[in-house]
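Here we start with a single chain on its own, the form predicted alone, put down as structure tokens.
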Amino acid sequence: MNLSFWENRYINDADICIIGAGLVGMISAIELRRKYPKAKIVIAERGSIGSGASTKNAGFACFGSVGEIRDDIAHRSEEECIALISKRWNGLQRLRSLFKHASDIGLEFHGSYEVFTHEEEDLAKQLSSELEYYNALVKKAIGEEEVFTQRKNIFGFKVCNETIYNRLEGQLDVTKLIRSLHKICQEKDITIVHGFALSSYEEGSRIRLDFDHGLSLMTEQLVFATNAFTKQFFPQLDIVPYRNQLIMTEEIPNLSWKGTFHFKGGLGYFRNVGNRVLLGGRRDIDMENENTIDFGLTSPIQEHLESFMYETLGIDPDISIAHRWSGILAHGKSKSPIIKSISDRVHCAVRLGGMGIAIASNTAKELSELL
């Protein structure tokens, strides 16, 4: 593939090239533009919009259910858990600050609920009895009091009668979020090119980038914002990919509830999207096969999600599933992202742990401080 003179001048010879046009990639470019107002910044994205979790997530503006925090405490210190909650909360505030209006990203606050299956009744009672402890923990993290309260299941779901309500969590419209970030990038003279899948790079006097379609570009600084897909370039990094599958119904006339909901310690989740219901997660049902960077849908997960949709949430069986998709998350031994310099001119900000909406903006800010 040969570039014309005009195309070459448009995308080649960047000061900074970012691989990946997801949340971290675009927000990193915005942060770097603040730092380097005259730099030529190019984002190279292999997909038509985005290729990882950023355009395929559920749109939860969350920082952790009681069940998830409980599981975190079982594997790390209280101080680490407090820092994790704080980072997520502050990240959500930083993300919000990028936009003039909450409506720019469809941000709404209906609160979130943690629900428990009937098999988890003992766990529901235990966590409900320990809310004072978890509220104290969250207060240390974000300074807010009485974040979690006990509420009855008023939704008609076939789950335990006790739920745990979080008054501070919300939801956003992923389409609006991505569109608004694209708009900011355009306004700040940040170039985004799609269909550019990086195959290799080589450091010399400058960094040469070779893409799958045979095109090569040059840059002075290189940033990887490729999350779960970063391991192909840096196998030494502690990155474990997981696939999450999701389903969404067609429009449901007079849907009676709004909000975001967690179950199974955050491994399962559902929400309203207008008058539709989105449901996803439960990779734990088939963890071996979901430990992959391959997109796709599988019978065990899809059948479980459908069963939960119709039997547990009580959605009318005549309401059909209108959309099915999957996204790829990146986890590791730590729940903190990897933000580091691979060399003096090559850097990465990856492994968002399924919390990209909450921590992408903070991750991007830290990344910008490396360059």
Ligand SMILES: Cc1cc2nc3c(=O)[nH]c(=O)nc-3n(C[C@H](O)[C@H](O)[C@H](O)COP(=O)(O)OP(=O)(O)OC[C@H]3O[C@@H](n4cnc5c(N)ncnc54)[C@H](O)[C@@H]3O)c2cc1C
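From 1 onward, residues are counted along the sequence shown. In this text the structure is predicted, and so the values were computed from the model without any measurement.
If you look for the form predicted together with this ligand, you will not find it shown, but the lines that follow are about it.
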Given that this ligand is not shown alongside this chain, does Ala44 nevertheless sit within 4.5 Å of it in the predicted complex, heavy atom to heavy atom?
yes
Query raised in the report: Phe60: heavy atom within 4.5 Å of this ligand in the predicted complex?
Result: yes
How about Tyr113: is it within 4.5 Å of this ligand in the predicted complex, going by heavy atoms?
no
Taking this ligand as it sits in the predicted complex, is Ile339 near enough to touch it, meaning that at least one heavy atom pair lies within 4.5 angstroms? no
Worksheet item: So, Ile30, Arg94 and Val223: all three within 4.5 Å of this ligand in the predicted complex by heavy atoms, or not?
Response: no
Interface check vs this ligand in the predicted complex: of Leu246, Cys185, Val147, Leu127, the one with a heavy atom inside 4.5 Å is Leu246
The stretch from 282-290, 231-239, 158-166, 136-144 that lies within 4.5 Å of this ligand in the predicted complex, judged by heavy atoms, is 231-239
Checked 321-335 against this ligand in the predicted complex; residues with a heavy atom within 4.5 Å, sequence order, are Gly327, Ile328, Leu329
